[in-house]
Every structure is written in structure tokens, then in C-alpha cells.
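Single chain ahead, by itself, as C-alpha cells, in the form predicted alone.
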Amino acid sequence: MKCMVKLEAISKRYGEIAALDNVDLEIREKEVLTLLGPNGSGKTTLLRIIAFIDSPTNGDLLFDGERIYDGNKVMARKKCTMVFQRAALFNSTVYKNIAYGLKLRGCSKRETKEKVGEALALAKLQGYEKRYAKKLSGGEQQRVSLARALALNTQLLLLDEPTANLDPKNASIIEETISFVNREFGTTIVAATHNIFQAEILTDRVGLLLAGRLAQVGPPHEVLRGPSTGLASFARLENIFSGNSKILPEGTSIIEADGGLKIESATRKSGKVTVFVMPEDIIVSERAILSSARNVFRGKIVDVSDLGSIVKLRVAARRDFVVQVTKRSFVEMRLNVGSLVFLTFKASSVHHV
């Protein structure tokens, strides 16, 4: 697959602070690439450099094989567009907000009307044309920002935390739109997120960014499912257990962790081990469910964190587990602090560090 953007030894410093440190990365034509990492890892800084908004302190950036410098930066910038985490909309109608970039590019009224209509349809905003953008909900405003970017029909679309703190409906629409424009139009997409589940389902490749350094790049199943010290450090506060592992006759291993917790793993290992289970791999139910999953625990919810489209729960089940459910499931199961629940996950969901 052709390389569209290449970053060579990119670093960015703000005084004594290194936001990015010697990043090498290739962005392939027509792919969806996720930059995954915690807040403060450098994701937004990297996106702004890829969008030619900011310049690196050191390193080189190539677009379609051409090295970018001050003299050709403006032309390169026209080939990409970026949607920021916080929607920056004008105090005018949805139509005028989406049409703004097209007007700057000299599009005729007829062409503008056509492109705005297509963008409205993609973001499922038909009928919103005359509504004032700033009076919409946060999720609808983010969809207007996305539609404004899509109307420009650029080769490269950059998204900074596109669904952070959005309700499930709007988050789902944005995720569907991202997949659609990549699949149908071949738009190359780079999205920054701290949502591991989103990185897994939306993308062709994942780049794990930690403290300004690119720790790992590869397909989601390699970065998110394989043994990874970098990923473990990113998720270090969530479901990390250490204990003694014994190989069972049927080929799996049983890990005896502190507090009497026993976890079965599909990996054959013996001796002292450290493992982790991702929150989205744990099924939460009100009753024990029939399944082939080897790990089933009963516990009590001790903490609830509303993150918009998802709700994170801390469940005490011999040891504390962090799990996540959709807002809809949380409401339908009437969960709250003190609720008794069952946690279920497969032996293959237990990853060794």
C-alpha cells in the first residue's frame, strides 16, 4: 500500500518539555490509523504536525513523497483537514458553518450547495440546515464539525478524540461515518483516541503513543491482544494481576493471585507471571450466564464513572476489576453502586505482560 505521509525522527519541544520524541511513522493511503494513548501522550501534537498546523522542532515530514517546508506547506495543507476535540463553530446556521471552508476555496454557490448537502447526509444532519449550530447538543455540534471537514473532500482526514464524552447515539453516528467515508471514498483517516475498544473496531493499524514516543505500531490484534509492556503501562490501573501460574492438564494455565483470586489463561506458562484483562473483554450481567468462558466471578459495584457513551464500573470480586458497559446497558440493567453483578471473560482474554 502506498505511503501518503511519512514522519522521520519528528520531535516537538515546548521549552524544557518534550511533547514528541523522535517519532518515525508511515501513514498509508486509504487506511484508518488510530493513535492510541493516555491524555498528555502527544496525540494532539502529532495530529497538528501531520495537519501542517504546527511545525516540528526536529525531523522531516513528507507528503506523497515530497518533503514539506515553509514554501509548500500551504499547498499540502489543502490536501488534509482536521476535526478538533472541541467543536469550534461560528454563531450562524449549520449550513453556513459547513459552507465556510468551501467558500474560502472559491467554490460556486451551486457546487457549495451540492457538497453541503452530501456532507449533511453523511453526518445524518438532513433538516438541520437552518438551525443555529451553537444551540445544538454537544454531539450534534461535533457532527457539524465532521460534516464541515467532509465537505472539503480532502485526501487525509484527521480526527482528535472524535467521540470523547458524546452520548451513544452521536458516538455511533460518527463511528459509522468514519468507516463509510474510508470504505466508499478511500479517504485516509488518522484518529487520536484513548479508547482502546474504539481503536480495535475502527482501524486497520494502531500506533501506541506513550510519553511522546511511539511504543508500537501494527494491526489491532497485535498491539491490543498480544503481550505488550507498553499497553500494560497504558492500562496499568486496570485489571493488572500478578501471581503464580500452573499449567493445567487441558493445556490452559491457572493463575493464583493475591486475595484468593484464581484466573484461567489460555497461555501455557508456569511460575511468577503478570497478566491483564481489558475492561471491554469482561461481560457484565445480572445473573450467571451460560458460556464457554473459563472465568466467572460474582461481585459488587463499588464505583461508577460516567464517560458519556460508556460507563466504567469498579467491581469488587475478591480483587477490584474495572469493566465498561454502554450507557444503554447501564440504564437497562439499573446498575448503581451496591449492585451485585457477575463478571465473565474468556481465558483467551487474559494477556501476559
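Numbering starts at 1 and follows the sequence shown. Since we're looking at a predicted model, the values are computed, not measured.
Beyond what is shown, the protein has a form predicted in complex with a small molecule; the following relates to that form.
The small molecule in the model of the complex is not approached by Ile10, whose heavy atoms all lie more than 4.5 angstroms from it. Contact between Asn39 and the small molecule in the model of the complex is found at the 4.5 Å heavy atom cutoff. Proximity of Ala19 to the small molecule in the model of the complex falls within the 4.5 Å heavy atom cutoff.
Within this chain, Asn295 is remote from the site of the small molecule in the model of the complex, having no heavy atom within 4.5 Å.
Only one of Thr177, Gln85, Asn170, Thr252 lies close to the small molecule in the model of the complex, with a heavy atom inside 4.5 Å, and it is Gln85.
With the small molecule left out of view, the stretch that reaches within 4.5 Å of it through heavy atoms in the model of the complex is, among 286 to 294, 26 to 34, 323 to 331, 42 to 50, 42 to 50.
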